[in-house]
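There is one chain below, alone, in C-alpha cells, taken in the form predicted alone.
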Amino acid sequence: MFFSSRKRRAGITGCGVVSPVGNSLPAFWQALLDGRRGCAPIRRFDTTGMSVTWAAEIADPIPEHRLSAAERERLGRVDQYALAATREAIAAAALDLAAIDPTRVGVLLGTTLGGMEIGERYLAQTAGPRGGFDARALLHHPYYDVANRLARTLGVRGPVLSPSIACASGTEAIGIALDFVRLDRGDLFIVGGAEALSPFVVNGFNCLRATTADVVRPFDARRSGLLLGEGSAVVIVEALEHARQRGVTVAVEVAGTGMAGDATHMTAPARDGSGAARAMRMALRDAGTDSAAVDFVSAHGTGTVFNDAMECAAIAAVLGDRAGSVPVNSIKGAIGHTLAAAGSFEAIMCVMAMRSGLVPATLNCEQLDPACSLDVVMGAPRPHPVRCALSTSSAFAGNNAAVVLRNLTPASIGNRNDATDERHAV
C-alpha cells in the first residue's frame, strides 16, 4: 500500500543579532570579518572570589528603535536581547505580523539560563535585609517563559517551544522549525536562542574547570578552555511557498536536520566524536545529499581540549578524503560560548558566508593542533563560495545537533516545486 505526502521546504528569510561584538547583523558580521574580540573582564557583576573573571558581555547599547523605554524598564536582560534580535529579524524578512494569521506563526527559542539573574536577586534578598524585591518578578524566572513572553509581546499564537538541550539548543531549534514546517504546524517560526550571563553560570563553568585564563583558542595546540558569552541570535524560518506568496526571495534553505546522543558522560563528549558524526550524517541524509556537497563546516569549536579533539574526529569521519580541503571555522574566540544561542549565531554566520563568499577566520587559532587534520580557517577571512554549509553543535549530556543550510537562487525557487511529492511503501 502507498500513501502520498507533500514535504514542504523551508528557508531563512530574516536574521537578527544582539551580540558581544555588535547589536545588529551588519555590526556582528563586520566584527567577525575584522577579528574583533568580545571577551573582556566582567563588568556587570562582582567577580570577587571567581577563578576566571572574563566573559563576552553585551557592551554596546541596543538600538533605541528595537526596544521601547517601557520594555527596557519592564523586561529582564535576556528578554530584551531576544526581543531586539527578533525585531531585527522581522524587519529583515519584511514581515508584517498584523497581516499574517497569528495561529500560523510560532516561537522556538532555546535558553539554558532563562531569567536566572532574577532568581539570583531573590536569593540575595532572602539572605539579607527584607524588602526591595517584588516577588512578582519571579514569574520571569522560568527558562521557558522567555519564549512565552516573546510570543505574547508579538501576539503570535502558533506553537511555542523552549528547546533546552544546553549548548545544542539553538541548532536544534532550527531543526525543529524545519520539521514543524514540513508537518504543517505553521508557516513561519521565530527561531533562535538567548542568554544573559550571571554569577551562577560563570561560577558553574569555573567549577567544572571548563573556562580559561587565556583567550579562547579553538583548534589551537595551546587551547585551554572556553569563556562564556551572552546575547541573542534569531532567524525567521519560513515555508518557501509562504515567502513566495509574500513576494520575498529566499536565499538560504534549511535543508536538513539531525540529532544524536553520546550516552557517555554528563559533561564530557564521546572522545571518538561518534555522536556528533551521526548527527551530521543524519542532517545530510535529511537534506537528500551527502558530504561531497559540503563546502563549509561551522564547528562548535569551544576551545576546550576534549570538545575540539572530538570535533576534529567527527568532522574528519564525515568528510572522509575531503577533510583537509573543506574550510572549517569557529566564532567562539570572538563572541565566547553563548550556550543555547551558540547554534543560532553560527547559523547566521553561515547565512552571511553564503551571501558574501567569505568565511571568517577562527580568532586566536594561531598554532593549529597537529592532531587536527581539518582545514581550519586561520589568520584572515577566506574568500570561498559556500553553497552548502554544515553547522554542528554539541552539548552537556552528550546532545549533538546539526543542520544543513543550502544556498538558493531565485531561479531555483521559481523552477522547482516548493513541496516535494513523495510516495512511501508501508
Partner chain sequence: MSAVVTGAGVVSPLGHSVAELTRRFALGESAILPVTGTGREGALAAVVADIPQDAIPAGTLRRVGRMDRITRLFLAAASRAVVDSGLDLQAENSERVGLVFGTGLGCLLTNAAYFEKVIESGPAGASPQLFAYTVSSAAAGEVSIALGIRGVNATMHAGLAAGLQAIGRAVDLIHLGRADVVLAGGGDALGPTLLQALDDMGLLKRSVPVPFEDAAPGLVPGEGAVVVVLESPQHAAARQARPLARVAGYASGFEPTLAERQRQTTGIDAVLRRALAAAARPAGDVGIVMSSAHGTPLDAVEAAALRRLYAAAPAAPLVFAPKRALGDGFAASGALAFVLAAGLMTNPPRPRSIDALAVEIAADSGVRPATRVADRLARARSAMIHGLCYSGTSVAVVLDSAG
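Note that the structure is predicted; figures quoted are calculated from it, not measured. Positions refer to the first chain, counted from 1.
Unshown form predicted in complex with its partner chain; subsequent notes refer to it.
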Report the residue, out of Arg355, Arg322, Arg271, Arg157, that has at least one non-hydrogen atom within 4.5 angstroms of its partner chain in the predicted bound form. Arg157
Of Asp262, Asp79, Glu253, Asp220, the one that lies within 4.5 Å of its partner chain in the predicted bound form (heavy atoms): Asp262
Region of this chain that lies against its partner chain in the predicted bound form, out of 237-245, 176-184, 322-330, 340-348 [heavy atom, 4.5 Å]: 176-184
Taking the shortest heavy atom distance, is Glu120 within 4.5 Å of its partner chain in the predicted bound form? yes
Counting only non-hydrogen atoms and a 4.5 angstroms cut-off, does Glu230 reach its partner chain in the predicted bound form? no
Met50: heavy atom within 4.5 Å of its partner chain in the predicted bound form? yes
Can you tell me if Gly204 lies within 4.5 angstroms of its partner chain in the predicted bound form, counting non-hydrogen atoms only? yes
Which residues within 267-284 place at least one heavy atom within 4.5 Å of its partner chain in the predicted bound form? Thr267, Arg278, Met282
